[in-house]
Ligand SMILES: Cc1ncc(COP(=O)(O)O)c(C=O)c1O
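Quick setup: one chain, the form predicted on its own, written in structure tokens, and binding and motion questions come after.
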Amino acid sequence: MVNFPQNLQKRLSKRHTENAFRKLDSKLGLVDFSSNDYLGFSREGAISKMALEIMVSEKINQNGATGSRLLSGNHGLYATLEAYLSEYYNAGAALVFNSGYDANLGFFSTVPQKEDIILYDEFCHASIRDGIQLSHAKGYKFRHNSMDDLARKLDSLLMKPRNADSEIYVSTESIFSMDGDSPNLNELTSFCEKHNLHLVVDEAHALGVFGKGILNALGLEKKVFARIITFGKGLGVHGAAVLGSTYLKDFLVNFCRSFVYTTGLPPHTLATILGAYHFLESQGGEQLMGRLKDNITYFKSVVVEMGLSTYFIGNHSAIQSCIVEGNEKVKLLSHSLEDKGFDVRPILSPTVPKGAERLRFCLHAFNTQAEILGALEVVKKNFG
């Protein structure tokens, strides 16, 4: 047997010591408070039916994409979906990627150039941070949702000598994946307009929960340089897209390595994405969005009634996080919930900073009030 490198074994051992070791787990039969399937679209039969109808109507009998999109993989449903997304989101153009990770990694490693600067919220997703690390641009983080710190960072950078052709990008998310909160997007777009900054917003956790997303809801979609949307959360399917100008799309098609050098999505996946959007716009989709909104309101009201507000991060999204300091403590509480039939996952350090470990409740349209109440009663018992 080939020996496993000692330096890698030490890193694994350290994870065990810190009680932060990860392993693949499938918890069947539990009440779902952990998935990103906020509207329950992954289990919606009407979407599967729509996808099949699209495949039949387009006379598609092909399992795979067969190659990258610049070779043989750019089948007809790509043009259909990207045209739909451009119109739906009031965007100049859309470019579909295989996943949200690929989209963020590709965008940030490709678009900002060597002399450019990226200012990013300290809580931005790993895919954004990894893309920035691969970029030739310089990245600087600012404090979470702090316009004051962003302004200070910008002022400091503008005082230094800089290439006349360099650009400055600002990256944030409309809903942050760990805290479930949002920046002040009205203020942020105005700030970026005033200082001629290129704003990039990841809407992964807003799509479906807030219809098209928060930017469209606020009428700000034309004030951002790029938007990243993903289909694997609120739409319950797979894939992602970058929304922006036709120039941005052309640039990504020509230079983005995570787009150029990967096999495209199969036709059935794109048909399912189209089906999910059609269902989102239907009466059935509207009803599920309403149920989710009601469940978020109910969850927050029970948190207040039980006197748990000081432990929860306040927001209006489907992500409700309860701070339980320490990996051991938060894992024990997660196990207590599991014993009662609830799947609520612990988020451990180093995924979040030490002292900010948490239970991450993901709320869904299909959760019942009895399930919400039961889960929070377990939490209440833990905090006494």
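From 1 onward, residues are counted along the sequence shown. Only a predicted model underlies this, so the values are computations on that prediction, with no experimental measurement involved.
Only in words, not in the display: the form predicted in complex with the ligand, which the text now covers.
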Taking the ligand in the predicted bound form, would Leu95, Thr110 and Phe251 all count as contacting it (heavy atom within 4.5 Å)?
no
With the ligand left out here, work out from 158-166, 297-305, 123-131, 269-277 which stretch has heavy atoms within 4.5 Å of it in the predicted bound form.
123-131
Since exactly one of Gly244, Pro183, Gly180, Gly239 fits, which has a heavy atom within 4.5 Å of the ligand in the predicted bound form?
Gly239
Report the residue, out of Gly100, Gly264, Gly285, Gly213, that has at least one non-hydrogen atom within 4.5 angstroms of the ligand in the predicted bound form.
Gly100
Verify the contact flag for Val224: yes if a non-hydrogen atom of it lies within 4.5 Å of a non-hydrogen atom of the ligand in the predicted bound form, no if not.
no
Within 4.5 Å, heavy atoms only: does Asn104 come near the ligand in the predicted bound form?
yes
Partner proximity in the predicted bound form: Thr230 to the ligand, non-hydrogen atom cutoff 4.5 Å:
yes
Find out whether any non-hydrogen atom of Ala204 is located within 4.5 angstroms of the ligand in the predicted bound form, and reply yes or no.
yes
